[in-house]
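As structure tokens, one chain now follows by itself in the form predicted alone.
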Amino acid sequence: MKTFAISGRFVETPPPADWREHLARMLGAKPRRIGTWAELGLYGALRCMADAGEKMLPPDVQVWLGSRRGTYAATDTVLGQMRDDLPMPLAFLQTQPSQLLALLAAQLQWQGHACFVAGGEPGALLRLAAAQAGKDGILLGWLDEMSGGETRWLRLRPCTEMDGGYIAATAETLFTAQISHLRLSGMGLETRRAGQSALVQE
């Protein structure tokens, strides 16, 4: 069984109309040569890190990113370009989900394990990430640029359980604001609401 405290959270589905302006302020300049999918991921991850009070990721953190459709829009653009000729280099680069992971690593001055998982749902991504998480925990993201976009992120830190109070939960509740802790056990995903007796971080 693994238990995590949620030290940072950011959820916007969809983000506000001026989210790109917020991103430019966080980066100190408007990002260039990256697509909407990567921009939306950077925006959510940096807001989550700010909520956690962190400007850089510790060395043993793992970054896990999931999406049902991935870089769907960029891929559609490239397929259209291929009907006539070779795709444009920047358009092709924007089809690569790992571009966002490299951008995050550079922005957060971090080197470590990062992974993109296509398809499934956030609960499955969490189970996979938790099985490999180290002492500094996880930065977990779920991203989609379709239908207005969604960017959902959690900063998870391993902690030691002191008492009970957990209830069974579904993947849909994973990013709910009222949740302060979560754990994965033989019973599946369980969550704990904020305001209950505390857990001690390792």
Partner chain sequence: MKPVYLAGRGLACALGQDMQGSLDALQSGGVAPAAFRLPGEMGGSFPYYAIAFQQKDWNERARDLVQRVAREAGAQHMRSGVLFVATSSFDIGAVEQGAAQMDYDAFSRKIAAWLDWSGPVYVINTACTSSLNALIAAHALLSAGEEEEALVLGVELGNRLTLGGFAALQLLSQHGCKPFGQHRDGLVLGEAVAALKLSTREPALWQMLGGANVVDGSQPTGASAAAVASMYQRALEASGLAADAIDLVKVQAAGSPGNDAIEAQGLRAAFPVMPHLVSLKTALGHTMGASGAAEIALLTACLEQGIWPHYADPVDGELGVSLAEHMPQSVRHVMATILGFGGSHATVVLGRA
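From a predicted model like this one, the values you see are computed outputs, not experimental measurements. Numbering follows the first chain given and starts at 1.
Another form, the form predicted in complex with the partner chain, is not on view; read the next lines as being about it.
**Student:** In the model of the complex, do 166, 173 and 187 all put a heavy atom within 4.5 Å of the partner chain?
**Tutor:** The answer is no: none of the three residues contacts the partner (heavy atom, 4.5 Å cut-off).
**Student:** With the partner removed from view, which of 41-49, 152-160, 59-67, 22-30 is the stretch that lies within 4.5 Å of the partner chain in the model of the complex, judged by heavy atom distances?
**Tutor:** Result of the contact check: 59-67.
**Student:** Taking only heavy atoms into account, state which residues of 112-132 are within 4.5 Å of the partner chain in the model of the complex, ordered by sequence.
**Tutor:** Heavy-atom contacts to the partner chain in the model of the complex: 112, 113, 114, 115, 116, 117, 118, 119, 120, 124, 127, 128, 131, 132.
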